[in-house]
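Given as structure tokens, the chain that follows is alone and in the form predicted alone.
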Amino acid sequence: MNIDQIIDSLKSNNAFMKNVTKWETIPEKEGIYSSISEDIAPNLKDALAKNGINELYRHQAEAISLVREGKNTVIVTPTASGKTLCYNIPVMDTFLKDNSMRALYLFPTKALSQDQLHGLLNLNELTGAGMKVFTFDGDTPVSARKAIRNVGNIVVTNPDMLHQGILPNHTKWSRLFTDLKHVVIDEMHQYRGIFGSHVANVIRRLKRIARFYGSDPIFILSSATIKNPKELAENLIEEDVTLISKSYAPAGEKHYILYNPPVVNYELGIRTSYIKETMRIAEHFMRNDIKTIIFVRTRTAVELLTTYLKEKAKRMHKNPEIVQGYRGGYLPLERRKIEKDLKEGKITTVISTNALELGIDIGSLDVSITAGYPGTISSFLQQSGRAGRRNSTAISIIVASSAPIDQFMINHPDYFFGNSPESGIINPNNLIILINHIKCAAFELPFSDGEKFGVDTTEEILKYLEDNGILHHSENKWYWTEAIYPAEEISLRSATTENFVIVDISSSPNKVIGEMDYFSAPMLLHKDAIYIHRGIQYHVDNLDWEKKKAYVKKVDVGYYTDAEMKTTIDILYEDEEKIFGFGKLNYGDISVRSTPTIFKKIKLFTHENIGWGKIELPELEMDTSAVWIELNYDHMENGMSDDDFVGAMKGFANVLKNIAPIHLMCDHRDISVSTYVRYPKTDKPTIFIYDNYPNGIGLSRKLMELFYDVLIETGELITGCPCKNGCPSCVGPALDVGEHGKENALNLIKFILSHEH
């Protein structure tokens, strides 16, 4: 069967269709083209023609024109719309007219850097320009680094390497910074939350060094679809940016299918395993030699599905090598071979973590299946964009898990097909992050009196660092005095520098496999926790709090752990207050004191509670920002017992924590929710939603604006869940929220919505 026949067979399959919550067909779209500008270098035009490009999509022509006019530009168009040419053409054109020019390309991953390098080298070869293009990352041999610094016209790297390897050693990179004309920031939507807040400060340092060497580069950014691309781009580079967001690229007909596995236990709200349903659906395409990519969340799921589908291929009398997994942990050569075999059609089914989500070229595929909501619409669109090119029909299926966020999304198709509701949020001025990068900047170049690094209070921070013996002020300059190299101690993925090291003691010698920030460690690395690293399960044998080390061993168990914290919140300062009929909505600074108490063992896939244990660790304290809801609500008057009200608040908070990330484009671990039946300061029922990072990163501030949208959706998720009294897909199991937890949480939400004014 061909792809069109498969579509017809799915539509007539009742067993499949009864689980489809939405089937959306996007019709084929013709491309709209523009001619290549007359004053583009002739040999670049010839090189494009040799690649079959004699004209550009209109959005490409617009973006290239803006960059050539010297304007910072952000391009936000779908996968396979030719974003790469939007920066490669103007950069190459600049070089052909001035071969001393330098450009810096930033990609969030090494794999993407390597992939993009091939496109550049191809253009370079066809033009005969002799442009020197190099990747510079942790794998670059020491012997090659000097040549890259001296002769590299384009340096392709990642933010971590720029932060730790290039900026602190800028004197060795003087040629790059002196002639720096362009900075390309690809996959911009990846730079949000803590990572984005760090990267914005790395860009501040980059611009500061560029100014020192007399250059003022033009920034070219590209991104998957998000709600606020212009705002995020301008927050990242702190300059005006022109937005190109309408795609004029052609596209084949696309079928989006939202699939919710059937419920097998209505009382508990348990559904068929989404991994098993994904396997079953994938079989259908494999049998018909339809090129398919399956995205899963973990390495374990990659291996499970790969093994299963290889076995199925054998039973179908097909070569099992047509099925391959692709994930972190494979050697670079293995990954390159899989990418090449996919392009050449030797592989028809590939199972991947989000490693293949970004723009690595793997040729044209017909079907994408996403197993479990990947956390953001942007990720889903990137994954679904892997299927279908230009004139071919394609299918994109998302199979929901039982998690609350999955259940909400699968039953609200407007999110997938309307405008993306997600915003990329960063806060470069988070005090801890800012101070760390001011230290790095001072190491790189002394600060002058009156110099501003993002904030008006820069001088106060410099004085604070002088008081602590880190800087010395002399003759209108602030000099670095420490022997240490500050960038080496700062990870771009975490807010604090006090990280815990995770040591795998399964084999000899022991091996460090990762690190975790100070505030997450008690929840995820306590003794007897199941820590999952790249999809592999580890049992935490011991957490050495003083030495900041967690010792773990590989295990294979059918559960994960979820810790409970006893949390005390003190309000430090109220920035904003809104008064409503139900009570108040406040935003401000809070102090959170947390002690982990117990952990639960939760069964994989079904989310059943199958055991528990005690946690004994010291109390943690963190100042952060929060939004809090203060209710004028008497539960006794509304027919609820004390226990019922505790369950209602708990259930409400559980759904709120799962719905908020949809709007905030963050992980559910980036925010926390705490409830008080009676908050000591006001004696009112209060719910706090706060940023799970010291000093906050702007998430709760955004939630203040979106409060009613989030509240309505919280109610919709609870109402739409098929369980009777509560389950892991909505308010939580009845065991946690009480026999009437679902009904009581819903009544609480209805009270707030009906007393808006």
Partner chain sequence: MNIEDQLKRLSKENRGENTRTGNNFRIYEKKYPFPLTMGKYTLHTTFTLEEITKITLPESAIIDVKEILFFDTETTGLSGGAGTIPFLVGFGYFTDTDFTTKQFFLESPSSEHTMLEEINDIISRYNYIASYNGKGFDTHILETRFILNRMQSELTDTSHIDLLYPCRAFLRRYLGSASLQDVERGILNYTRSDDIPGALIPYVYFDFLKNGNEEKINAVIEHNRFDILSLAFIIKLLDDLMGNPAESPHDLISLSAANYLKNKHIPQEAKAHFENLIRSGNNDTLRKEAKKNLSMLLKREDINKASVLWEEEKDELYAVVELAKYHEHRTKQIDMALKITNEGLNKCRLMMELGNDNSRYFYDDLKKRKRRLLRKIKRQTKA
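Positions refer to the first chain, counted from 1. Bear in mind the structure is a predicted one, so any value in this text is a computation, not a measurement.
There is another form of the same protein, the form predicted together with its partner chain; it is not shown, and what comes next is about it.
Undergrad: Can you work out whether S100 and its partner chain are in contact in the predicted bound form, taking contact to mean some heavy atom pair no more than 4.5 Å apart?
TA: Outside the cut-off, so no.
Undergrad: May I ask you to check whether K346 falls inside a 4.5 Å heavy atom distance of its partner chain in the predicted bound form?
TA: No.
Undergrad: I'd like to know if D570 sits close to its partner chain in the predicted bound form, meaning any non-hydrogen atom pair within 4.5 angstroms.
TA: Flag for D570 set to no.
Undergrad: Would you please decide whether H472 lies within 4.5 angstroms of its partner chain in the predicted bound form, comparing each non-hydrogen atom pair?
TA: It does: once its partner chain is placed as it appears in the predicted bound form, H472 has a heavy atom within 4.5 Å of it.
Undergrad: Report the residue, out of A403, L445, V646, L604, that has at least one non-hydrogen atom within 4.5 angstroms of its partner chain in the predicted bound form.
TA: When its partner chain is considered in the predicted bound form, the option within 4.5 Å is L445.
Undergrad: If you check N169, S591, T140, T272 against its partner chain in the predicted bound form, which one has a heavy atom within 4.5 Å?
TA: For this set of options, the contacting one is N169.
Undergrad: Mind telling me which stretch in 482-490, 516-524, 69-77, 89-97 gets its heavy atoms within 4.5 Å of its partner chain in the predicted bound form?
TA: Careful reading of the contacts points to 482-490.
Undergrad: Just give me the residues of 185-218, first to last, that have a heavy atom within 4.5 Å of its partner chain in the predicted bound form.
TA: Sequence-ordered list: F212, Y213.
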